[in-house]
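Coming up is one lone chain in structure tokens, specifically the form predicted alone.
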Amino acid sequence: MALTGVLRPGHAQVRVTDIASASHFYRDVLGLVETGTDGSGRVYFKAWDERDHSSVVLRQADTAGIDHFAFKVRDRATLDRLESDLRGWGALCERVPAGEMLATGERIRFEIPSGHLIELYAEKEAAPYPGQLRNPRPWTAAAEHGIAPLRMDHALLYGPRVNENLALFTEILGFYLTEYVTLPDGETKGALWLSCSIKAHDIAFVEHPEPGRLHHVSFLLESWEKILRAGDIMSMNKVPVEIGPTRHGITRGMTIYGFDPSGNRFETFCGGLQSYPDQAPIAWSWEELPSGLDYPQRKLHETFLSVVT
């Protein structure tokens, strides 16, 4: 498929309650590459195989959670067009100037019905590792430091009015629905997985009474073996693990969920369905949600539905 609008997830700005311990975790346990600190104290990271300057930004705050989740778009013309379309839809948009974040161009910020801030941008400085763009090696030393994901892959966000999010993302931003869970009434969609690519999902939403909540940011690994290695590293570093290693029924992805030192949930993820926009979305009933979450155990982990930041 031709990628002409929203290209991919760009970065997540995450609130942490202790920037030093969080930086250690994301750098030395998760194994991201630290790429800078700005004048306000935010710390920037990228996964070793990503080409842009940053995909995770940490900000010191009193409470954990997510400030915003951003997507990279094709070019400046696309950014301008999407801003106009968003305003026509009724979204309140704000222009954030270039340079407000390190190495990042002008951004469009808007609030979606679930209470989350989403941003779009077209420009971010490239920061490939040496040799990445010419006769590259399949991996570097950074790929063995900590868990070492290939990329920041997606986010799951909790909040109200997620079906209005669905309309916004599909009608304005060009996403399509890949899978969903119906609530006990058998009709209302209460959990949504959306893609702007051929991935199983680039963002997901679950209906929740509190607006603007973070469920998790997910990081892509290459294989089941890498997932198991991630589990070893989590245990060696006494990372609180919630679920896994296991496989989801929804998306078919293999997974471990844990928590960073501030209590933000993160996921290490591999595999999963490939999707195309002409395919009908896969429906999951409320009764089968346990197998959708943890297929081998067919278990609905209570904290997975209730713990958010």
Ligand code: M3P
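The first residue of the shown sequence is 1; numbering continues from there. It should be emphasised that the depicted structure is a prediction, and the values quoted were computed from it without experimental measurement.
The same protein has a further form, the form predicted together with this ligand, not shown here; the description that follows concerns it.
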Partner contact for His248 in the model of the complex: this ligand, 4.5 angstroms, heavy atom: yes
Exercise: Trp193 in contact with this ligand in the model of the complex, heavy atom 4.5 Å: yes
Interface membership of Glu50, this ligand in the model of the complex, 4.5 Å heavy atom rule: no
Partner contact for Ala12 in the model of the complex: this ligand, 4.5 angstroms, heavy atom: no
Site test, His216, Gly292 and Phe304 vs this ligand in the model of the complex, non-hydrogen atom cutoff 4.5 Å: yes
Options 26 to 34, 42 to 50, 55 to 63, 251 to 259; stretch whose heavy atom lies within 4.5 Å of this ligand in the model of the complex: 251 to 259
